[in-house]
Each structure stands twice: as structure tokens, then as C-alpha cells.
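Here's a solo chain for you in C-alpha cells, the form predicted on its own.
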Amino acid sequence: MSSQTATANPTALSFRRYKDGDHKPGPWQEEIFQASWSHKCPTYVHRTAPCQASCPSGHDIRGWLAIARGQDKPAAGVAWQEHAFRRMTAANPFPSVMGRVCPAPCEDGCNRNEVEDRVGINAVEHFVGDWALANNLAFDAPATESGRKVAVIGGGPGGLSAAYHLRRRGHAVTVFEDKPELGGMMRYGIPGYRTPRTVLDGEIGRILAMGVEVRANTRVGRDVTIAELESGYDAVFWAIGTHSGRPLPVPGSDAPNCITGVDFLRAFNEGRLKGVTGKVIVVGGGDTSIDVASVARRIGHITHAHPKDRPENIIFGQTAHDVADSATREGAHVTLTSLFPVEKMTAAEQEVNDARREGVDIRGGIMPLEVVKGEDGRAVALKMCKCEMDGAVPRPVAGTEFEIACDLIVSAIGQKGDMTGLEALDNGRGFINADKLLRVPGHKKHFVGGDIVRPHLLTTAIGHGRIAAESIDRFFAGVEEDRRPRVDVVHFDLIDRMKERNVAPEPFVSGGEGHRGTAAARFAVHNYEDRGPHEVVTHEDLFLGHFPYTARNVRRHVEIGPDDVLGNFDERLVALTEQEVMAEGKRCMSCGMCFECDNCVIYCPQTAVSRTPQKERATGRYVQTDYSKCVGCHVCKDVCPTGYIQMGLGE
């Protein structure tokens, strides 16, 4: 059932694992029942939840939602928010920023969509991240120093993530940043009304407080050579991002008032660009183009602008608009064009809707043909036509040409790295090649991640930082690897959860003659299988009938109209309350992990399933099975909401 149908008619929700007529056995090789019993018995099988598998940073989302719901309780004297924060930042040190700006592929993957609506994962992360900042939570400094030194080139999300994960392992880290401040695209690409600078500064400051050295205003390839890095550091991680925009690939795009979205946003975020002149055309369709268009609507059109105040002169002249001179302004006319139809644009749907509401004219299914220049060589119009997409290639529709008048054209059609001075690493396309372990092929002790490998999400760069830190750590240890886990995330670790509850298995001591069976052994974790690194649990494995219709707690989104957008730089997202966040935690279906519902205990006809004694419990070890009573009837598997119980023992 689709979420639209479920939301419109919640009383129609129903789920049956077995439909009418499903009384015949499947293929004979799968027919294992003999009257009322089988040779199969339940095994507790952990698999990765689809939300986590969809998250490029590898968040243990299911884990911190279990904390929010009150299932996984913190140690005495620790607030649940801190417990959740520690679990979150095992993967991602930027919960407050990512809770605001990540387009949340985790929510697209959420199995709750099969019931009525996704869990508000970003909203929970937003709340916990803000709570951590408000309560001055800090990261622990490493207990010991490894003696190894790593140079991280680039202080954006990928570089700072790598610095954080490397420091946790005790490695010394120096971040080289060619701009005055750290943050990368989080600071110089995304406007402050989407990532409040106090939030960004707070989350960066936590990482630096771990003992990370910073060398700002330092350009590697100009101020520092690659050879100097190689001689002074044990490893180098490249996270330089893609801060060079791509111009329009049409005649006339060399006009001075044709600029890139990267340059436009950098000038705005540095405080230099205070307004635009006249009509603006933004060519793109992705998130960057939406940010450009939305910023242009906010800063508005400066009336009676002096030529020196033209946006291109501000952006490339490294000067700033005079605030007093730019105070007299009016709403700018902004048109955003996309090759794809509006409904197929890659920008987040919420951002597209906001831009339209704020007065941006968005036109889909059209392509630029030529920049029309005036006598002074400046662009005065953009010649366009309708197009049809052949995959990712636009095909012009003959006879549909038209022009849009303009004073400024902003190209937001893609980015590449600035490889000046780094030609030895350039793959010829403005990027750096990487293998599966994020090593730079042919360059020993060099690693790379983020947009300079392949432009994608901020959270992808954060995930690359974590993976690269692991690769660097193994490189230092002399471990030779050539592959990563199929499901490459921060996995649930049963032994860690048992250690938290002081119920970890005893150390293994060999008796010299080996062991025949471990049923009574205290060193073994019985009847548990971890398939997390290899398998993702799907909704077909869940008992969806367990979950009633429960509306999502939606963050309030401040909607701004076209008459109110000028000069409005207030944040638009309003965080959920603690009660709403805990309610969202309870909506999580805990896919692939026991969430202590007692269904298997209640419905087992043989009383073979029982709760694990309180003093022996941990997350994932809530129930146990007495196999001398179990007849393999499959009832516990059928009523397990999360797919944690699988009938496999005995095969």
C-alpha cells in the first residue's frame, strides 16, 4: 500500500502474511514441515536496516532511534539525548547540520513507507544535534597517541570527518585549508538560513578541541608542495572538494555577467555580495541552483547600481557591496531553468516548493542554446528551446526557440576541482581517482574522498572521511586489504552492546582438547548470526500487521511568500519537541533487530521462547529459546515484526 493511500484512508490499512489460497506448499525442496513440526528452529539474525544502508555516512539510525524510543537506556546519570548523540557521532560528527540540510535518502529507504509514512529521521537528528550543542557536549580526546601524523587537505565535511575519525584512533592531524575558515561547502556553498553559522561553528569546534591542528589560508600546491607533505606526514588525505563551477557549454558564455553558482554562493557567504542587478537566470536543476535562486530572491535587486556594483565585479573583484548603497533595493526577478521537467529535477522537493513559493519562476524541459550579447559584450538574454531527455542527454525540439532577457546568468550545472599545483593527482577531468578503499592509485600513502572523487551529498563526503580514516589506520598497521563490506556502514555490534550492560561473554580458554558443542559455554554467544555486513532487511521480511497507522510528527517549516522573502534570512526549519522526537522513535520498526515487543514469547505454543533473565539482557539478547521444547512451528518467525527471527537452525 502506498503512503498516499494509507494517509488518505488509514482505516483501510491491513496486512496479511498469508493470503487466501496460500495453503499449498512451495517447491518440494523447501517443504520441511512434518505434521506440526519441522527440523528448523529459530535463530536470531541481525541484518542492516534499509535506512542505514541508504545513508552515505553509515549512521546506526536504528540504534539511536531505539534510544529515543526509550528501549536502549543510557547509563545512570546520562541523558538519553547524550546517549543518542554518542551513537550518532560514531559515524557522523555533524548531526545538527546534517539534520537540517541532508536530503535524507535514509527516509526514502525507510520500511515504514510500506505502512503509512517514513520515520522523521532527520528531525530526530536535528533535535539531538541541537541538544548536544546547547549542553556543550564534547568529544573525548584519544586515550593514547599513535605517533602517526596525517595531513588532511581541505577543511570541508569530508576532511573534517576524516580528522575526527583519525583523532579518535590517536593519530595526529593537521588540516590544510586554503580559505580563512573551515567548513567547505557547508560554509561557502550552503546559505546561512539553511545552516546557521553558530551551529556549524559549534560542530566544527568540537572536532578541533580533540587536538586537531589547522593551517588556514594555506593552499597546497602553492604554499606547500606535495613533496613536503610526503616528507612530513605518514599519510595524506585529499578532500579538496569541487570549488570550480562549470560554465555553460554554449556560444557567448564568456560574457562577463555569466558566472557560476559556486562563485555566486561563495561571494554571498563571504558577505561580499549584497544584491543583484535586474533579471537573473539560473541554469541548473539541482540543489545548488535552488540555493542560488533563493539567495538572489533574498538579497534582491539593487536599484541605480554603479557598474562597480554589478554582481560579476563583486564576485571576481574580491570587493564587497557597500551595505548603505545596497539598502535601497527591490525584489529580483529570478528564473530557474532545468533540462529535466520540474518534477524530475534532482533538487530536493521541499527546496523546489520553497523556491516557487518565494517567487522563483522555475521552468523545466528547456535547454540553453546561446548567450545573446549586447554591444558592450555583456549578456542581455539567453536563447533557449524546449528539449526532450534521452537519458542524461538533452535533445532540442526544433521550432521551439525563444529568448529570456537577463542582466545576470548563473551556471549551476556541475563542478570540478581546482587542480592548480596538483597536476600529478589530476585524472584529466578535474578529479582524483580512488579505489574502493579510497586510496589514490599509484600514490602510496595518499587517500582521497568527497566531491573530488565524485560530486554527491555532504553526507557522502562525511562517509568517505570515515572510510578513509579506517583505511589509513589499517595502512599504518600494515594490513593489506582490497575490499570493503558489501554493506559499508557503522554496524551494530552485539558484543559492544553486551559490554555496555556488563554481560559480555567470558574470555575463551582452551582446555587443550577442544570443545564439542558450546551449549553450556559462557564464552559463546548462542544462536545469533550477524549478517549486517552482507544483507539489508526488506519489508517482505517484516510482520507489518504489527504496526498500526501512526501519523508522522512533521517539523514545522516556515513558509515565506514572494512579498516577504526580500531580506529574510531567518532559519525555516523548526525543531520538534522532545515528546515529538520520542514519538518518532517509537514509530521506528527496528528492521532487522529485536525491539522487545514480546510477540514471540506470547504466541509460542510450546512456551519454548522466554525472556532472557534481566541481569543477562542487552540489545539483541532480549529473548531466548529452549530448543528441547521447540518443534519448529515457525509461529515466532511469523509474528516477529522486525524480521529478527529466522528459521535456520538445523539446516
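From 1 onward, residues are counted along the sequence shown. Owing to the predicted nature of the structure, the values given are computational and were not obtained by experimental measurement.
There is also a form predicted together with a small molecule; it is not shown, and the following applies to it.
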Decide whether residue 546 counts as a contact residue for the small molecule in the predicted complex under a heavy atom distance cut-off of 4.5 Å.
-> no
With heavy atoms only and a cut-off of 4.5 Å, decide whether residue 226 touches the small molecule in the predicted complex.
-> no
Indicate whether residue 288 is a 4.5 Å heavy atom neighbour of the small molecule in the predicted complex.
-> yes
Using the partner position in the predicted complex, report whether residue 194 sits within 4.5 Å of the small molecule, counting heavy atoms only.
-> yes
Find the only residue in 311, 159, 463, 93 having a heavy atom within 4.5 Å of the small molecule in the predicted complex.
-> 159
Of 265, 371, 360, 565, which residue is found within 4.5 angstroms of the small molecule in the predicted complex when only non-hydrogen atoms are counted?
-> 265
Decide if the three candidate residues 83, 87 and 132 all line the small molecule in the predicted complex, where lining means a heavy atom within 4.5 Å.
-> no
Name the stretch: of 246-254, 427-435, 565-573, 170-178, exactly one has residues whose heavy atoms fall within 4.5 Å of the small molecule in the predicted complex.
-> 170-178
